[in-house]
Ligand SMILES: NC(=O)c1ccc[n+]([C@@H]2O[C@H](COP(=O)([O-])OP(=O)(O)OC[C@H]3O[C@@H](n4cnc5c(N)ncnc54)[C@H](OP(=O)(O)O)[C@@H]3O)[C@@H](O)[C@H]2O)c1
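In the block that follows, a single chain appears as structure tokens, in the form predicted on its own.
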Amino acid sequence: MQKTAIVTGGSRGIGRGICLGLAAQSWAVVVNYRGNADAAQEAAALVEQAGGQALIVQADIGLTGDRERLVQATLDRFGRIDLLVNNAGMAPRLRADLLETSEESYDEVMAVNLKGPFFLTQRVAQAMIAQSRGIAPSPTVGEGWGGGTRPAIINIGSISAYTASVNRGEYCISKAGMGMMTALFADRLASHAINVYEVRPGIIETDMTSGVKAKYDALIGDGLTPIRRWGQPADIAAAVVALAEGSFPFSTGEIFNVDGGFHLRRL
């Protein structure tokens, strides 16, 4: 039975690292991207080199029709969904003081970082429940639906859920909301044997953080995190793979900090 995962924002950075980690465990991976087709093609090629199957699907998670198309494309190709990784996210296009934050920026960030994951999780959970009952959620799904893999949903959060950054308040609010979203779906889906987790990255070295590298090099060197190095996408992938492979079957709604110890309160 082919285990299948959807990884939103899977073309670059943390998302690509997660795709490759799952591929190394022989997962089929749906590499979702919004705008960078070349990066998605490259990620898919790396997935297949690592031992997985890849399907590329362009979709803006903030749009209803795109979310449905992503789910349907996955079911059409693989006939099942065993894992959803809500990784896609964006920072504000312009960092602005909290007193200057625009409604347009707030709406865009919340649509991608919270509204989109919420309704994508809702849709995927419905498919997973149908799968567990042996009911084909799509008329194009073939035989073999409803195997023994325990499905899971993993949300990729951020230390910004509890760390105030007044020049990107909309981002912090979206990530704080994802923490409650994790708890809500964990409670609702436990009776269907679907575990829900949040992996909460710290300062991760990706193209998104390249513009602040010098700043965080200095902060990390001065002891901002007990583990004095940048996090890597592979660090997040290791946590996701452990959860996806069922290493924590008696945990749900749990937040796994992968942040070099940033969350510790130290004197």
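Everything numeric here is computed off the predicted structure, so don't read it as measured data. All residue numbers refer to positions in the sequence shown, first residue = 1.
Another form exists, predicted together with the ligand; not displayed. Remarks below refer to it.
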Seminar exercise, completed: Residue within 4.5 Å of the ligand in the model of the complex by heavy atom, from Gln41, Gln232, Gln53, Thr209, is Thr209
Exercise. Could you tell me if Pro151 has a non-hydrogen atom within 4.5 Å of the ligand in the model of the complex?
Worked result: no
Exercise. Taking heavy atoms and a 4.5 Å cut-off, does Ser158 contact the ligand in the model of the complex?
Worked result: yes
For this session: Using a 4.5 Å heavy atom cut-off, state whether Gln49 contacts the ligand in the model of the complex.
Result: no
Exercise. With a 4.5 Å heavy atom cut-off, would you call Gly21 a contact of the ligand in the model of the complex?
Worked result: no
Seminar exercise, completed: For the ligand in the model of the complex, the stretch among 22-30, 200-208, 237-245, 219-227 with residues bearing a heavy atom within 4.5 Å is 200-208
Exercise. Is every one of Gly62, Ala88 and Lys175 in contact with the ligand in the model of the complex, taking contact as a heavy atom within 4.5 Å?
Worked result: yes
For this session: Heavy atoms within 4.5 Å of the ligand in the model of the complex is the criterion; list the residues of 11-39 that meet it.
Result: Ser11, Arg12, Gly13, Ile14, Gly15, Asn32, Tyr33, Arg34, Gly35, Asn36
